[in-house]
Structures are given as C-alpha cells and as structure tokens.
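Let's start with one chain on its own, the form predicted on its own, as structure tokens.
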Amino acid sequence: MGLIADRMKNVPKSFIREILKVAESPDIISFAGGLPNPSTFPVKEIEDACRYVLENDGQRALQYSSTEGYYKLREFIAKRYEQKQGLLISPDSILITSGSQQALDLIGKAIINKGDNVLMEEPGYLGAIQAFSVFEPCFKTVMMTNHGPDTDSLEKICKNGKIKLFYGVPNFQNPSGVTYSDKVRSEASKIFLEYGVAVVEDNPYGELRFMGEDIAPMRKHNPDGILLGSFSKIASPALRLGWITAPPEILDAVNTAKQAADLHTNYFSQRVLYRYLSENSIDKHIESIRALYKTQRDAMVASIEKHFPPEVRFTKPEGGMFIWMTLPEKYDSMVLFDAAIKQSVTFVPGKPFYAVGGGKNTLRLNYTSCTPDKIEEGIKRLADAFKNMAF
C-alpha cells in the first residue's frame, strides 16, 4: 500500500514555481513570475502600521481570532464594493482568507465532489487548475476569445453536460490578459443561471486598469455568484490576505472548511493592513501602480512589435500583469523555453494553463517585474531564440 493519497496522483506541480528556481540567476531576465513590482510596496507605511498595532492593541492583535476575519477589514471591503462597483455586500458575507489562493482550496473542499464537472477558461489560471485538481473533478474547458469565453460554445457545454462550477477571471485574465466584455458577462451569466452553474468570479487584477473603462462584475448579473478578491496586487503579497464573498449556504460550508484548515487567517496581518488602509489613500497608491505598469506594458508591446515577425500574435491588455503570445502552429513553446534559457531569458510555456491539453504553441509573459530597458533587452533575446529555431 502506497503512502501518498491517490488524489495527489493527478495534481500538477506548479510549473511557474519550478521555473522561478531557474530564474534566480542575476543574469536571467525573467518574464516568468506573476510578481508585483516590489518598488510599489508601501514599506514605511506598513512599518508604521505594525508599530501602531503593537503599541496600542498588541495583546489582542497577537491572539487567536474569529474564522471570519477582522470585522473592520471586512467592513472596509464591503464599503469598497459599494463605492467602486455598486455592489451591496454585507461584511457578514465576507470571509478573510490566506490569499485568494486559499479561497480556491476552500471552494474545492466545500463544493467539488470527485467526478464533478468543473468548467475552466482555455487557457485558464494554473493556480485554480492545481487547487481544484486535488478534489478530482472532471475538467471541461471553454475557449477564450479577445472578449472573454466564447458564449456559443459555453451554452453548448452547459446544455450537454451537468456543469457544477465555472471558474473565471473576467478582468485582465491570468494568463491571457483578456477582459470579458460587458456583453459576454451578461450572456454568460444568463447561461449559468439557466443551467444552474455555480460561478466563481476571481478578481485579483481588477484594480490594475490603466487604459479604458471599468466594466461591471458578473455578480451584477448573478447575485448568487461567488466573488474572490485579494490585497496581494495592491498592497503586499507577503501579507497573504484575500477574501471570499458568497451566498450563506456556500459561505457556511467554506467557513467550516477553513476552521478545519487553519482556524483563521493571520490576525496580526489583518490588523496591520486595516491600520494601513485607514491611514493612507489606497486609491492614490493604486494610481502609482497603474502608472508604472502601463509604462512597462507599453514597453513590452512596443518591443514585441519591433523584434517579432507579424505571424506571432499577442494580446494587448488594458490592465493587469500579463501578455499572452501565440506562435505559429509548428512551434513548441517548451522547445523555445530551452532555447530562451540559453539566451538568459525566461517565460512560462502555455501548456500548463490548459486543463485538458493543448496550447503547445503559446506562452505567457509578465511585464511588471522588469524595467523598460530590461524588457527591451529580454524581448530581443527571446525573439532571437525564436528566429533561431530550425524546422
């Protein structure tokens, strides 16, 4: 009898985490990680918030707390939903998680049975594929267009098979950078409501729009939708603070799953973050992030257009952190990855983002971790590696 549980046999390792080990060399220009730019971290403000919390309420801040999370932080999130998105969400329907990645694990525990049909975007977020795989679902996928999932295909999939759960990233999707149009959000929501599909709407990048206009969330069209959020991209990923808001039945099950997992999210981090948010303008901070990321995005778009031939297609996101590149069919991005390493540049090959296979000629590029000069040099190296591939 083997020691390791059967359920772990088909859980993929995080390909990105493995690549980051390769990218640690200072000579490597890395477009692989989905890392926020560390220059945006509010170090001094967080230091001040830590000191305040310890000096004024240190004993309570270092104690166990409720599973749901610090009420004032949940209240802040609820007010921001109303102010920014017009959503009326009670603080009592919000649970603070250890990053939105934990929310995916808790949703899997609370909702997914072995063999349930789970519908993913194609390509889709690798972290969600990995988190849900633990619970042994049957993955189905719907192709992404430049405006979101193809709704004709979506309706056929939902009509022909009992889909229990749909997971999507409507704003600046990871990995493609694509944003769902308002039309797609509305049509998709109608389809999910008609066929009784639970919707998980993940929104870690929504605040990072630096072009165009904001679009109302799918939750506007489906009040029973599950919403995930995160402070990792607008404050600090190391704090590991995200949240989930869901209908009472689902939230109750998620709450129980969290009690079994870790009792509650880091309470001290919650108190420190709330102090930071209450004493500083998060909107001004986000504006500075947007300005930086737009400069980096523009540098990458210009560099790709300069160095790659026109048969190489790529997305031009209006926000977020990623560009998705599609090579001609005959190319394999895993082969390109090996060639790129020799040129001291890395990226993430596209195959791991496909839950049911495919994507061999695709890849993801992150632009938030490099200066414009490094982006120019890195894209030139990558284009040279591409041009040197023999057929």
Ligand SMILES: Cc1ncc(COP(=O)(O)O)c(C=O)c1O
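From 1 onward, residues are counted along the sequence shown. Since we're looking at a predicted model, the values are computed, not measured.
The same protein also exists as the form predicted in complex with the named molecule; that form is not shown, yet it is the one meant from here on.
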- Item | Listed range touching the named molecule, judged in the model of the complex by heavy atoms within 4.5 Å, from 245-253, 163-171, 180-188, 274-282 | 163-171
- Arg240, heavy atom within 4.5 angstroms of the named molecule in the model of the complex: yes
- Message: Taking any heavy atom pair closer than or equal to 4.5 Å as contact, tell me whether Pro149 reaches the named molecule in the model of the complex.
- Response: no
- Task: Would you check, heavy atoms only and a 4.5 Å threshold, whether Arg209 touches the named molecule in the model of the complex?
- Result: no
- Task: Give a yes or no for Asn222: in the model of the complex, does one of its heavy atoms lie within 4.5 Å of a heavy atom belonging to the named molecule?
- Result: no
- Item | The single option of Gly319, Gly99, Pro137, Pro217 touching the named molecule in the model of the complex, heavy atom within 4.5 Å | Gly99
- Contact residue in the model of the complex, chosen from Arg74, Arg297, His264, Lys233 - any heavy atom within 4.5 Å of the named molecule: Lys233
- Item | Within 197-217, the residues that have a heavy atom no more than 4.5 Å from the named molecule in the model of the complex | Asp202, Pro204, Tyr205
